[in-house]
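Coming up are structure 1 and structure 2: the same protein chain in two forms, each one given alone as structure tokens.
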Structure 1
Amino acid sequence: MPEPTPDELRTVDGKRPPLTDEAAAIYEERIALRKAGDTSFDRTTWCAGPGMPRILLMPYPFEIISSQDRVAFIHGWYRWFRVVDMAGDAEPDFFYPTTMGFSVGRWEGDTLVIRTVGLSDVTTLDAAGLPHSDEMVLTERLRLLPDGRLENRLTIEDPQFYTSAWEARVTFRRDPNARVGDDVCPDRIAMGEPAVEEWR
């Protein structure tokens, strides 16, 4: 389970990411819309693909399944998943951007390093609407901490929207009672509930 994180993704030192002027204008507009109750910029509002790393910040469990050539992340929100190619390719191969992108991984000691490209710019990085271009490169470094939590250090490189590469950190805790079940997001909307539930 993700440990509670604020709606706004920040750098590891707690600051706002180094946005370009264009990106800052987009972000401020989205923050204002969100305060006014309009979250239409966030695709999860209507159960569409949340993208990366947005799905990691949602209050749902995920499961990791690994084999020799792949690592799969099965997310509890509306059946979303992603597969990381562990076959040894240095760069992900893709034809067009998608919401979850295309990932390759490798082990550096006890750290799983995942590089993702081809992330469609229709998604946001966080619930507040942090933007990115479809040229963004996301590098994750996942490792188990001594206390048993999983740490993911995210490096975001996107010269169109950020003046420099920046790093964020999210952590996850094991929950023996959590289950990745059959979640049907449109059913919640039909019942008048939000597409993304509050933190449990």
Structure 2
Amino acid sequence: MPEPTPDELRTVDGKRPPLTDEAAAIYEERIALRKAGDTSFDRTTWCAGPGMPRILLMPYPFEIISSQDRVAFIHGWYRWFRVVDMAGDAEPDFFYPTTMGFSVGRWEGDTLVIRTVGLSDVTTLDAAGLPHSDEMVLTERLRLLPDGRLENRLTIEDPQFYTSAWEARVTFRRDPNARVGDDVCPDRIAMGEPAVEEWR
């Protein structure tokens, strides 16, 4: 389960990511819209996919399943999953971008390093609306911390919207007794609940 993250994702230095002027204008507009109660820029509002990395920032659990040459992340939000190809170091091949992208992974000692490309630009990086292009390269470094939490250091490279590569950090708590269930977002919004819960 992710530990709470702010709606506006910060870098590991606690700063706003290094947005280009164009990207900053888009972000500011979305922040203002959201404050006014308008989340129409955020497709998760109608249960469309949050994509990577945003799904890791939402208050929903996930499980990691490792089997032969693949590692899968099974999420507790609307049946989303992604499968990381661990069989080699080759770049993933894809035909068109998707919200979860295409991932390859390898171990570096105790750290799982995942590289993801082919990420569709329709998603936002955080709840507040950080934009990205479909040229973005997402690198994750996952490892267990001494206290048992899981740490993911995410590096975003996207020159179209960011003036330099930047890093964010998310941590997760383990609950060995919990299992991810079948979350059906359309049923929740039909009941008047939000598609994505706020962090409490």
Partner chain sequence: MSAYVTKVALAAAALALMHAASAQPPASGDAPSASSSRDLHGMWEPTRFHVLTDAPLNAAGEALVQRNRAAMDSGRIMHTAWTSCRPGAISSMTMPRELIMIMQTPREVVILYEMPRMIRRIELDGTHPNDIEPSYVGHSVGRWEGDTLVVESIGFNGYGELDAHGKPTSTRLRTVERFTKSADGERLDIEITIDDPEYYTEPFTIHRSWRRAEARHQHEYDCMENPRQEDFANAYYVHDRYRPTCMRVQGEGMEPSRMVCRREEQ
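Quick note, the numbers are simply positions in structure 1, starting from 1. Remember, it's a predicted structure, so these values are computed and weren't measured experimentally. Think of the rigid core as the biggest set of C-alphas that the two forms share within 1.5 Å after superposition.
- Only structure 1 comes from the form predicted alone.
- For residue 15, a C-alpha deviation below 2 angstroms is recorded between the two structures after rigid-core alignment.
- For residue 176, a C-alpha deviation of 2 angstroms or more is recorded between the two structures after rigid-core alignment.
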